[in-house]
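Next up: the same protein chain in two forms, each one alone, written as structure tokens (structure 1, then structure 2).
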Structure 1
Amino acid sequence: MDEKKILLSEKEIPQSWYNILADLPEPLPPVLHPATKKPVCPDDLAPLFPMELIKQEVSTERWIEIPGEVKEVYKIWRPTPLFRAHRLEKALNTPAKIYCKWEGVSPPGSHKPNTAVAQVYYNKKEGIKRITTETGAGQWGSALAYAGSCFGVGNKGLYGKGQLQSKTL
């Protein structure tokens, strides 16, 4: 019988993020500054983002190393279990093997901490003490609050107007 689920070991967690920009046939058009309509430069982004994230945003390197501290947090729920969708394959009458990721194993219950953990990590390295977000469904807020707790950045959730608003302090 074919395997129903695939569980990888912690040793199989990726060591680098893949940057698709390295493999595009031509560079994407530059992001334009809303006020000047000229291409944004790192100085325009610096008030909003840590420099390491800005460097990654403009990098054309194919692989960007994941910091050890981020990989340690990832080990809490990653690698994400994969489940083979045998019945879907049969219903589609396809020779393809279809797999579904189960993101419910992450503490906030979605894929969002995969990026939130790295964003909080880089912000904390640059001395940022508070990160605030507003979210409609709550998954991003929960992921950001979780990431804040992983790196010693305080957090609290605020409810208002029927939506979860998460504030990481």
Structure 2
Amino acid sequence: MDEKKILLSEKEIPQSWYNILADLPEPLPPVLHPATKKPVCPDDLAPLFPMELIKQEVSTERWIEIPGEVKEVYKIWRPTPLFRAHRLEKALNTPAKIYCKWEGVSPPGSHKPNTAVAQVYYNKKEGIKRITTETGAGQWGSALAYAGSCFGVGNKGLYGKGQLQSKTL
């Protein structure tokens, strides 16, 4: 029987994220300012997001390097396994091959920390102390709280005030 799990090593964690804006056959319709209904400029978004994320929002670079500190946190659970669902295939009596990418192995249990960790990292670099967000069933809120704790722990002696806090609405 073929392998059940196809595992990558930590060295094989991708070095960059892929930005599809570089390859879209037609450009994405612009984001508009809610009052003027004209395309937003970076300064409009600055009260909400760190500049690095605003740049990523509009970048047309195909590959954007993953910062080292983010990769260090990714290593806690990445690469995630890819597994072949042999038993499901057998139960369905199908000739199809079914592969599952399993994102449930992260500490909060979903794919959400992939971006939470990056977002907290860029916010912290800009000196932000507190992050607000919304969460529905809680996957996102728990991922952001987790990411906050990852970078807060690095702030030795700044416990409390200096620690990144996330407030979830």
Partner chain sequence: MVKVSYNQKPYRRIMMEVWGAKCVPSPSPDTESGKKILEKDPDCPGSLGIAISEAVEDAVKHNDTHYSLGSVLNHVLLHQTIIGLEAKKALEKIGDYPDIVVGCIGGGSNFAGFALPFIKDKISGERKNLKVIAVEPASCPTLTKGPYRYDFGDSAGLTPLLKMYTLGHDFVPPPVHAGGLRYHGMAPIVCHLYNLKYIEARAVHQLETFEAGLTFAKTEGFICAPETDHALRVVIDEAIKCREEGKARTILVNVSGHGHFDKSAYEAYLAGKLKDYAYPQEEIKKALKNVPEVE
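The shown structure was predicted, so the numbers you read here are calculated from the model rather than taken from an experiment. Please note that residue numbering is based on structure 1, beginning with 1 at the start of its sequence. For the two forms, the rigid core is made up of the largest set of C-alpha atoms that agree within 1.5 Å on superposition.
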Two forms of the same chain here; which is the form predicted in complex with the partner chain? 2
So, superposing on the core, is the move of residue 86 at the CA at least 2 angstroms between structure 1 and structure 2? yes
Determine, after fitting the two forms on their core, whether residue 97 shows a C-alpha shift of 2 Å or more between structure 1 and structure 2. yes
